[in-house]
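Take a look at this single chain, the form predicted alone, given in structure tokens.
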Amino acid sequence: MIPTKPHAALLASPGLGHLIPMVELANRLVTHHGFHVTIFVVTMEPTASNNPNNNLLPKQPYRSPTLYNLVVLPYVDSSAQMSPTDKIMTRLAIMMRGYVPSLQAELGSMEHNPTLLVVDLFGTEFLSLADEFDMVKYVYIPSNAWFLAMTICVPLLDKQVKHVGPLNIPGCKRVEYDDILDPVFDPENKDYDEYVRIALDLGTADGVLVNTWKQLESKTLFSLKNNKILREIFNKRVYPVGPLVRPVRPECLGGELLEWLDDQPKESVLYVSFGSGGTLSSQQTTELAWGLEMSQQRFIWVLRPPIEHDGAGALFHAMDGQDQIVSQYLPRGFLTRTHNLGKVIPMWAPQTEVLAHKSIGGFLSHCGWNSTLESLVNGVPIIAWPLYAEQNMNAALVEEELGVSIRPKLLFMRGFEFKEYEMLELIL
């Protein structure tokens, strides 16, 4: 029997930061537009393909068989194609490239081919499969329209000239030097080539979906549709589909955490988290601990093991089973001295539910777009500490355009060393 519902195939890049917005897009397609959806997931570990509940979607009820199917593609080891010096964009691109045959085989084995293919930013090389299987093809940008506008302009830069100043985008807010993505600074590295390739691939899609909305970025969305120069560069339709955030499920908080939050005064707690991929160094972790303690500010801190010289380290390092040894990363006696002041939660916390609680008054965040949106929809102001990717741009947007964030300037002087506890003491 031929299915009556349109069937969409969605492809998510590695990491919860990419999977979560794709899941929420699937929920929207199913519940509001009557689609049947299959989500294909790329993993970074061989065990994840065998157990998606434990490895891909930890401690959260993201899977919903009644709404969509989730298919974990068989693990492909691409480590031989990477060098130790490859950065995050290059590594993700290499990983994704290795899965093209896997998705091709999965689509070919389906009894009824999907009619729509949606990939995220790192899946643009899969768009050719849409032509092979006669599918409409879209790219989903789980970030803001300003980032999209910058991306489509990058191929116009002169590769022979190292970029040293602000980046002007026709009709849009310019991107200041300290906020530009790292690949743009060095045209000679692999990240730059991959970023340009992705930007050019966007032009082969039938359209682009962006996790934003008109009231949030009216000027940028207007320019993407109407600015003559931007339209000459990129003539595809851009659809704002946000805010797509995970709905609040109070049961995810758990008894102990919920009880502690309920006991705190309204808007008195600072929530500290750097997302599923963000990591601090050992020194930064220590200094942040001192800052929280000396400020005497109530807090919830989601703590991951430190990794040196890699703000996106958690994306590429397995950290399962390390949730009982957080004290070794903190100043001696910190947990005892702050026992009545705050909570240190290893590895993961139900962020949407925490931010929705009445006792949360602020969010010390890396400004990943998922976290930024969750903060915005819950009305929680942000202290911005960007770590990698487009997070500096996100921080600039919420501070300079929306006025809902504080961004300590010392954090954004490239190469400047600072002490986090001094920054926190100034703010809190």
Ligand code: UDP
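None of these values were measured; they are calculated from a predicted model. All residue numbers refer to positions in the sequence shown, first residue = 1.
The next section is about a form of this same protein that is not shown, the form predicted together with ligand UDP.
Chemist: Answer for Gly342 alone: is it within 4.5 Å of ligand UDP in the model of the complex, judged on heavy atom distances?
Modeler: So Gly342 does not count as contacting ligand UDP.
Chemist: Please determine whether Met95 contacts ligand UDP in the model of the complex, using a 4.5 Å cut-off between heavy atoms.
Modeler: Flag for Met95 set to no.
Chemist: Applying a 4.5 Å heavy atom distance criterion, does Ala349 contact ligand UDP in the model of the complex?
Modeler: Heavy-atom contact with ligand UDP at 4.5 Å: present for Ala349.
Chemist: Answer yes if any heavy atom of Trp146 is within 4.5 Å of a heavy atom of ligand UDP in the model of the complex; otherwise answer no.
Modeler: No - in the model of the complex, heavy atoms of Trp146 and ligand UDP never come within 4.5 Å of each other.
Chemist: Report the stretch among 376 to 384, 399 to 407, 28 to 36, 363 to 371 that approaches ligand UDP in the model of the complex to within 4.5 Å, counting heavy atoms only.
Modeler: Within 4.5 Å of the partner lies stretch 363 to 371.
Chemist: Pick from Arg298, His357, Arg246, Arg91: which has a non-hydrogen atom within 4.5 Å of ligand UDP in the model of the complex?
Modeler: Answer to the contact question: Arg246.
Chemist: Scan Asn211, Thr124, Ser276, Ser223 and let me know which has any heavy atom within 4.5 Å of ligand UDP in the model of the complex.
Modeler: Here the answer is residue option Ser276.
Chemist: For a quick check, can you give me the residues of 90 to 124 that have a heavy atom within 4.5 Å of ligand UDP in the model of the complex?
Modeler: Contacting residues: none.
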